[in-house]
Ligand code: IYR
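Below you will find one chain, with nothing else, as structure tokens; this is the form predicted alone, and questions on how it binds or moves follow later.
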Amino acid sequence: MGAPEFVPLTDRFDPGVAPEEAARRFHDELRRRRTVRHFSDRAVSRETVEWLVRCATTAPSGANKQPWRFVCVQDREVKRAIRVAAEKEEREFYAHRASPEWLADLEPLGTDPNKEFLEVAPWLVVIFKLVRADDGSNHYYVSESVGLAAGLFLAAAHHAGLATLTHTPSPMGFLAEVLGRPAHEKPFLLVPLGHPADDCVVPKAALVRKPLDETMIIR
């Protein structure tokens, strides 16, 4: 194995303000991000979605293997098939799989088995994790890597003025079947993407964030 090749870091990002000010401004933008379940059917261009995926795939990954695939769905029939399959799993979840404690924790958010947003949102972005590469070679820290990319996707969508929802029907294997994905691709996250509806509401409980002294420790 040859020695790794390194190049100078010349393309350095300069926010133009002090780091603490840049971080504050970014926080002020991100704190307005909301998970929504009421979408408009207003169109979002393919170019927009392509740029969002490009943003997501700037994420770091184990050994730079980039073990993700973003399947972006706008076809009405495919979205309908996803909704039908998701609602089947969700009915089982609410009726049999979820513990009483879990259901109690969900109650303030107002969720239920009905997933109308899966057909209303102009795009469904299904993020798959690749447990191995297409050529069969190994991937490393797959869930961590894909989680980072998913987070950047959500932040990029918010920055573009769009709304998202992180939907995780359990189990999610039906997504691979509906979308015709190979066995080494495992569904990680289903993200409806679009503009919020004009009459969109969000659960009040979800607006409250833990204070910094509960989430940060300095040693």
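Start at 1 and count along the sequence shown; that's the residue number. Values in this document were obtained by computation on a predicted structure and should not be read as measured data.
What comes next is about the form predicted together with the ligand, which is not displayed.
Enquirer: Just to be sure I understand the contacts: of 81, 131, 148, 109, which is the one whose heavy atoms reach within 4.5 angstroms of the ligand in the model of the complex?
Expert: Flagged contact: 109.
Enquirer: Given that the ligand is left out here, which of 58, 168, 45, 64 has a heavy atom within 4.5 Å of it in the model of the complex?
Expert: The option sitting close enough to the partner is 168.
Enquirer: I'd like to check something about residue 102: if you look in the model of the complex, is any of its heavy atoms closer than or equal to 4.5 Å to a heavy atom of the ligand?
Expert: Contact with the ligand, yes.
Enquirer: Is the gap between residue 141 and the ligand in the model of the complex 4.5 Å or less for some heavy atom pair?
Expert: Because no heavy atom of residue 141 falls inside 4.5 Å of the ligand in the model of the complex, the answer is no.
Enquirer: Establish, in the model of the complex, whether 37, 90 and 93 all lie within 4.5 Å of the ligand, using non-hydrogen atoms for the distance.
Expert: Contact check passed for all of 37, 90 and 93.
Enquirer: Exactly one stretch in 187-195, 23-31, 47-55, 160-168 has heavy atoms within 4.5 Å of the ligand in the model of the complex; which is it?
Expert: That would be 160-168.
Enquirer: Any residue of 115-129 with a heavy atom within 4.5 Å of the ligand in the model of the complex counts; write them all down in order.
Expert: Only a single residue, 115, comes within 4.5 Å of the partner.
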